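Below you will find one chain, with nothing else, as structure tokens; this is the form predicted alone, and questions on how it binds or moves follow later.
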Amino acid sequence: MSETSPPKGTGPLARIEARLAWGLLAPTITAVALVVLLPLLAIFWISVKPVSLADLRAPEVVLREDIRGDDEAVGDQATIRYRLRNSSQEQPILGVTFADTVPEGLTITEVDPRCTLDDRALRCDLGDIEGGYRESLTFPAIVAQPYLDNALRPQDSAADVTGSASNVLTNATFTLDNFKRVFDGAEFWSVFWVTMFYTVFGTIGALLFGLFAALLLNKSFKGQGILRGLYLFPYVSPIIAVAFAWILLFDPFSGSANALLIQMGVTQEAINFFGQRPLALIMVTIFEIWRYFPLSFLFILARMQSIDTDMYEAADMDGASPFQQFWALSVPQLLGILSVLFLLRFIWTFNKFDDIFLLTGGNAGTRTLTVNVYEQAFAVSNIGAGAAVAVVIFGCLLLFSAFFFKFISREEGL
């Protein structure tokens, strides 16, 4: 008797279904790849380019023309002036020429050696010009009656300017100077440890306060709905509003917190909460915990309410204390959601920029990597260095994610 066994491999129907599924998913995968991968590749590309804010636009010849002197009557002597400059201070422009048509009724009496005049057609070949180049070309001219009749001035017709320049964003020049600048000296590691302090304590604090709030509100009592709504206030309020509220509250001159501490005798003089080290870093971390614990609270409360209450009733009958019930029953059930929240909160806090920038502007020892990206790119005008810091942030989060999934948690949902 022959033995029967399940079919192996994929049949024709399964292959057709797989192709159909990939065909349906292809537009979504393509759209996600374009949205996610293209900006990421652009950041990596810029991080190895010596590019500043001024280099974002390709170098070009800027030309202005006007007429100077007397041009009100026949026989007056005027001067047609062309002012040229290279828009870039660093990049040269090759093969610069410009051509213009002299208005009717103006007779040029002297031509620059680099220019030719054919009837009214003026053409100048300036060759290659260096970065920061500026020059004014002047052409003496005599006014005739047609010029007065037409009222057409030299600046009324644009000159045709040509020239080519290499764009630092698209040429083949690559450098690691941006990364050398980022890692040069002890500044990077100072910023990195500030970022780690803010991220680790901000993440763990938000989770613990969220867990504590969920334990409090997991019981039914009068006013439970109103209290849950109030707990969400920090998270749903506009960041600009709550940040300035905290600044006013802890202001060293007019803040209510300082007035209360002085009245209670805790301190004899006002405390500059957001202006002195290391208190400023502690304050922005507390702000992070206060603002984002409601998100943890919502997820943990939802998970707690889905736990079967029969286990707690059985534990009660066995004489387990509330702490033993929490540790032995609740915590194992919450590990999955706590792991997900820790991963998400760590990544979001590591990338957080607006909170710190609004509260301290990155001063008083609160400069994190994201604030450093802003300062390098826009305060120092070094886009390449800013992109290099962004690549470092990406690398740190990639390492953290790999470490998290390999060693920390394999709980439900991960």
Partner chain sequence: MSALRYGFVIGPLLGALWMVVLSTTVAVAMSFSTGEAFRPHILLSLLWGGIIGYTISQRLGDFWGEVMGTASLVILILLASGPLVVGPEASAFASIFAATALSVAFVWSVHVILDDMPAKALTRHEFEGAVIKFLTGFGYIFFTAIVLIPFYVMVLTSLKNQAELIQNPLDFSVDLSKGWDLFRSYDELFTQFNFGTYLVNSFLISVLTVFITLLFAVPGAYAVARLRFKGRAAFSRSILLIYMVPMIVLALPIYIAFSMTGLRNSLVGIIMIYPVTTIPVALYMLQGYFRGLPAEVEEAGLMDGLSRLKVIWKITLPLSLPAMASVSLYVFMIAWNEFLLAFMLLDDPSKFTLTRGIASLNSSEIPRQHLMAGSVVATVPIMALFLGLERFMTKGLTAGSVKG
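Positions refer to the first chain, counted from 1. Please read all numbers here as calculations on a predicted model, not as lab measurements.
Below, we turn to the form predicted together with the partner chain, even though it does not appear here.
Against the partner chain in the predicted bound form, the set L176, M196 and L338 makes no contact: no member has a heavy atom within 4.5 Å. Remark: Y374 counts among the residues lining the partner chain in the predicted bound form, judged by a heavy atom distance of 4.5 Å or less.
Contact between R345 and the partner chain in the predicted bound form is found at the 4.5 Å heavy atom cutoff. The partner chain in the predicted bound form comes within 4.5 Å of no heavy atom belonging to S381. Taking the partner from elsewhere, F403 is found to have every heavy atom lying beyond 4.5 Å of the partner chain in the predicted bound form. In short, of 90-98, 151-159, 299-307, 187-195 it is 299-307 that has heavy atoms within 4.5 Å of the partner chain in the predicted bound form.
Though the partner chain is absent from this view, in the predicted bound form it lies within 4.5 Å of a heavy atom of just one residue from I46, A364, V61, I67, which is I46. The partner is not shown here, but in the predicted bound form the stretch 28-46 reaches within 4.5 angstroms of the partner chain through a heavy atom at T28, I29, A31, V32, V35, V36, P39, L40, A42, I43, I46.
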